[in-house]
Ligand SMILES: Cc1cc2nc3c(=O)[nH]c(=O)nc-3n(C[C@H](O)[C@H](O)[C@H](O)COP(=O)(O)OP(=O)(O)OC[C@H]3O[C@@H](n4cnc5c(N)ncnc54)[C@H](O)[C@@H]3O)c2cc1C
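The data below hold one chain only, encoded as structure tokens and taken in the form predicted on its own.
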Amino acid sequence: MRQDYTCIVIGLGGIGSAAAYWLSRRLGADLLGLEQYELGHLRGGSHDHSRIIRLSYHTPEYVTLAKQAYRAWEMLEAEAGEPLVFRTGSLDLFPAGGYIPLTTYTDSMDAAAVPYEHLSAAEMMRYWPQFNLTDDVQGLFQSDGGFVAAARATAAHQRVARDNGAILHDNTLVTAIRPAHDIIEVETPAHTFHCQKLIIASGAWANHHLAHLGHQINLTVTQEQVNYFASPHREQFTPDRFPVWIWMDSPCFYGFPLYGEEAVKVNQDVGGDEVTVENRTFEPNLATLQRTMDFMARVLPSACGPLHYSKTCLYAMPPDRDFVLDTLPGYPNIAVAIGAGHAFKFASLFGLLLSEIALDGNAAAANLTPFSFTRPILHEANPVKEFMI
């Protein structure tokens, strides 16, 4: 087995597979990807049918990044030969006195020249009678929002990377990382590989890999879940009749039209318990499920129906819930990416940026200063955590 590569990617979930794809366009067979489980496994945060993509965000920097994300997905779609982004429109709902201010979103979209509609509760219920809203709820509708076909997109990144010559190994655990001058040794139970550049994109396992390099950061890992409900009114939730949506309050809920299942997907954001990758379970959290069902009964009653199924996933979140996209202090040839539980919409773009960081020394396509590995909150002893964005 070949053991020397220009670049190795550890972790082949959403972001790692995207990095493998973009690197393969430049490196071909000089790119190795390593995944500790089977490709497409259900233990991380990238699986399931759909993830929201949207241009509405809480800072202008995020809105600008989201614009770039759409372009990266379009490039993958062209090369993979299949649609992966589906525009349904995105609706953000802001109850009066809610935890998340509407103006942070309108100001950010205004600054980035993104058009949107400001809607009253009556207007939203006229457009989408599936909702039951009190008069104090305001809405922002952005027509470019929708969802990425998550599992299909990750598989497309992997497939095209392999078509470009990249080597991707699953069921391959990394047991040690040893930098030595300009060469990095990556040890697995069967082989020791060597590379000039290394990307760590292992999500909730990131600190396990960083420990080999003498680094740790503040990460909160939670066990979240996606829920599908067998609504008796499924015809009301087809993608041409219903948008993706987010309830902008704490607790925060979000949902999708029908896709991948004959059931309506509604979830609570950051609604699960803090776990480790060792003690997490695959059992749904009944308290989270009950909160979600209570919310649906109040705000989205026509979606209510028997539980079709719940599926768990992991969030790995820095205290500020901003991403990490940077090289490691002391190791300019090692980059790390952490998605903070809301990165799938950016996955292909992050793969492009990581390829630029690895091969060019910097990401020309975006300003990544807000996502620095050295920002103080990642290393404080008792950081203030803010997960609602």
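From 1 onward, residues are counted along the sequence shown. Everything numeric here is computed off the predicted structure, so don't read it as measured data.
Just so it is clear, the following notes concern the form predicted together with the ligand, a form of the same protein that is not shown.
- Screening 56, 36, 64, 327 for any heavy atom within 4.5 Å of the ligand in the predicted complex leaves a single hit, 36.
- Picking from 328 to 336, 41 to 49, 64 to 72, 357 to 365 the stretch near the ligand in the predicted complex, with a 4.5 Å limit on heavy atoms, gives 41 to 49.
- Proximity to the ligand in the predicted complex holds for all of 12, 174 and 256, with the criterion being a heavy atom within 4.5 Å.
- The shortest heavy atom separation between residue 138 and the ligand in the predicted complex exceeds 4.5 Å.
- At the 4.5 Å threshold, heavy atoms of residue 292 stay clear of the ligand in the predicted complex, well away from it.
- Contact check for residue 209: a heavy atom falls within 4.5 Å of the ligand in the predicted complex.
- For the chain shown alone, residue 27 is not a contact residue for the ligand in the predicted complex, no non-hydrogen atom being within 4.5 angstroms.
- Contact annotation for 294 to 317: residues with any non-hydrogen atom within 4.5 angstroms of the ligand in the predicted complex are 313, 314, 315, listed in sequence order.
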